[in-house]
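As structure tokens, one chain now follows by itself in the form predicted alone.
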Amino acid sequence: METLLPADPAQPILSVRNLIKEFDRGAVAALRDVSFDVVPGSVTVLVGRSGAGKTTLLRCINGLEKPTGGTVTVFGNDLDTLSSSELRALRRRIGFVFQGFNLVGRATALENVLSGALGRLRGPRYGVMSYGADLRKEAIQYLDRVGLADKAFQRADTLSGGQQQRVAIARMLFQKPELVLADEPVASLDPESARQVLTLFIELCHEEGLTVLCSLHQVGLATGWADRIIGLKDGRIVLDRAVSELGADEARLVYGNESTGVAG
């Protein structure tokens, strides 16, 4: 029986405390004593070089990795205390946008979006027509919101990278999550497509009242729309600032002398 707590708007939607994640029997420390809270409705961006621990942190928050130490609490639920069925139920409340899109290439854009509803349906679904007419209509509306209603019946693997990520965003929204995790969602796109997709992603999340925790490689991509920046380096938090208070010197704590795209 699922006994998950509902989200409390007066409390952090996500709380990470003293999180440690080690691999290879402790030989590799991916996360070192990481602690932070995320409040409902906020947009928080994790920044850092490749290997800084961003993906591992998101996987711990989604229950895909078990921490070596510390706690992750989502919607007031300590992940370490949940049963397998409770963890699956929790994941239905968490949307995930992947760097590699994670679409079924041979399926149409519409069928990929419809798969976002599987967590609230009973039994498997095979093909678009195995979903009810109301769901099909709603899924097309989500495709329209990302500007791809005219691509509904096109195979996903024939779409451009930017279009595929838009389909993935529509699928995530169709899941109707409360918290959205995004792991380098525009890393594989050209700069202009990345800007357009990120802007659309954040606008839609704001419209839906969603809380967002997104990892990016460069600070400059985040400063236009994020509320807060958390910088990771070698598995540790070295920066935690509201974007309005962020300076170029602080960004260099994450990247050293590498260009950050933040005005000094």
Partner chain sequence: MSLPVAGDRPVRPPVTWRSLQLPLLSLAVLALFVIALVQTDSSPARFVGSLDDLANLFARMWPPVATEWPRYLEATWITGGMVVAATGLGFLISVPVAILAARNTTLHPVVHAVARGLVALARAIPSIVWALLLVRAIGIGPVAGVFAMTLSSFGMLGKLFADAIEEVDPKPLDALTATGASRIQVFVGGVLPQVLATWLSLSLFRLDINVRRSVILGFVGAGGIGFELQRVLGQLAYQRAFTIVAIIFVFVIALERLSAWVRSTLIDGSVESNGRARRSTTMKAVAVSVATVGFVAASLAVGITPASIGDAVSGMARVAGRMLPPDFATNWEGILSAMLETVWIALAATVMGMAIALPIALLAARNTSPGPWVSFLARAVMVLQRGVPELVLAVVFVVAVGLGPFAGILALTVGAIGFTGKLLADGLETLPEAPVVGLASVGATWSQRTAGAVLRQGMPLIVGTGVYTLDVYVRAATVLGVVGAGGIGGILNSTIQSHTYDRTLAICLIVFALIYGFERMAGWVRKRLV
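None of the values given here were measured: they were computed from a predicted structure. Positions refer to the first chain, counted from 1.
Beyond what is shown, the protein has a form predicted in complex with its partner chain; the following relates to that form.
In short, of 129-137, 67-75, 159-167, 187-195 it is 129-137 that has heavy atoms within 4.5 Å of its partner chain in the model of the complex.
The candidate spot formed by Arg17, His206 and Arg228 is out of contact with its partner chain in the model of the complex: none of the three has a heavy atom within 4.5 Å.
Although the partner is absent here, Gln141 is a contact residue: one of its heavy atoms lies within 4.5 angstroms of its partner chain in the model of the complex. At a distance threshold of 4.5 angstroms between non-hydrogen atoms, Ser83 is out of contact with its partner chain in the model of the complex. Residue contact check for His217: none of its heavy atoms lie within 4.5 Å of its partner chain in the model of the complex. The closest heavy atom approach of Arg49 to its partner chain in the model of the complex falls outside 4.5 Å. Contacts with its partner chain in the model of the complex, taken as any heavy atom within 4.5 Å, map within 78-106 to Arg88, Arg91, Arg92, Ile94, Phe96, Phe98, Asn102, Leu103, Val104, Gly105, Arg106.
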